[in-house]
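In the form predicted alone, a lone chain appears below as structure tokens.
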Amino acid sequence: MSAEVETSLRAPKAYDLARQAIAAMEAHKVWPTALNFELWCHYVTAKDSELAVEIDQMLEAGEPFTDAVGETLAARFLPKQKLSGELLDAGEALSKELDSVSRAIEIARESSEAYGQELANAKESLAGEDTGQIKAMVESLTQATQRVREENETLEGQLADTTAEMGRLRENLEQARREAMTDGLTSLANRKAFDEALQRACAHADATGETLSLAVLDIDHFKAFNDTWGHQTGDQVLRYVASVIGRAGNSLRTAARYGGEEFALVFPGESAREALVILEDIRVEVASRVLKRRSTNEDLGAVTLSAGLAERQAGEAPAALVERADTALYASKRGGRNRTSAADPIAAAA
């Protein structure tokens, strides 16, 4: 939150602002999750802020305030939500610096050893020659090099400790990077990781001419399920569906939680026909299982998935590919749900 909002929520009128936020959320049918509460506290406290203006525009347009919308707004306007992206950028820059320093240390060590060896070789080559003055000079340089080498041994010990610390720091940064790129609820790649993976896949496809396909998947009637059983049970369903989708991921494919109850799969090097087989396996597996509520063991019934699939056209931008996959997903919803639709008629026929 901004300093203004932070100060307001620690003032005597804080409870009134909190009640206003809850009332506004209820009026617009927004779930009172922690993230949404923070967004709407910001909305009622700073009505002239960019976030408030964005929310007002959405409300005027009649757009629903979904979990995905909340996550997107938080990433744009809430400082602590921006931290993960900033941490990734800083971590990558620092990692490059660490590589550069480590290499510079290694080059300096190799240069010192090579210099000492060259002097030693020069001394040997002058043995037996009547070049006393030159030999004396080389001897002096050799002794100086020996002293430098001894000093360098001490320095190398210190540098070894520094290098080890660098390694530990790099491990910590990599762990932070993994966490920042992972959805906390489902353990799939998060939206940022998905965006980066799709960018890389499109660039690789442009460079190699390989095929690339993208699928977006959405849990059918998930809002009604949450209304009936509550968010905790809804989270249980999200984790189950994510586990099925996640098994389709591998070192090349990226399985991600795109936002809310929506997921995505990137298929580098695979056509829509090939991806369609995998999507149908996922859809059938999810629909075939009768879920139970962990706390009471009640039958929850089965959930189903709708999916949209698009094969990338030559030179197509990532956003355009996502839009075509989304359009195919909406076709699945309109067609009765629990099905996969493809943007490409040939793949749809298959």
Ligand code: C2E
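Sequential numbering from 1, following the sequence displayed. Predicted, not measured: the structure shown is a model, and the values here were computed from it.
The same protein also exists as the form predicted together with the named molecule; that form is not shown, yet it is the one meant from here on.
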**OP:** Have a look at 31-39, 287-295, 312-320, 45-53 and name the one stretch with heavy atoms inside 4.5 Å of the named molecule in the predicted complex.
**Re:** 287-295
**OP:** Scan W229, F77, F222, Y240 and let me know which has any heavy atom within 4.5 Å of the named molecule in the predicted complex.
**Re:** Y240
**OP:** Could you check which residue among H204, R168, R178, R247 gets a heavy atom within 4.5 Å of the named molecule in the predicted complex?
**Re:** R247
**OP:** Spell out, yes or no, whether the shortest heavy atom distance between Q236 and the named molecule in the predicted complex is within 4.5 Å.
**Re:** yes
**OP:** Using the arrangement in the predicted complex, list in sequence order the residues of 311-335 with any heavy atom within 4.5 angstroms of the named molecule.
**Re:** none
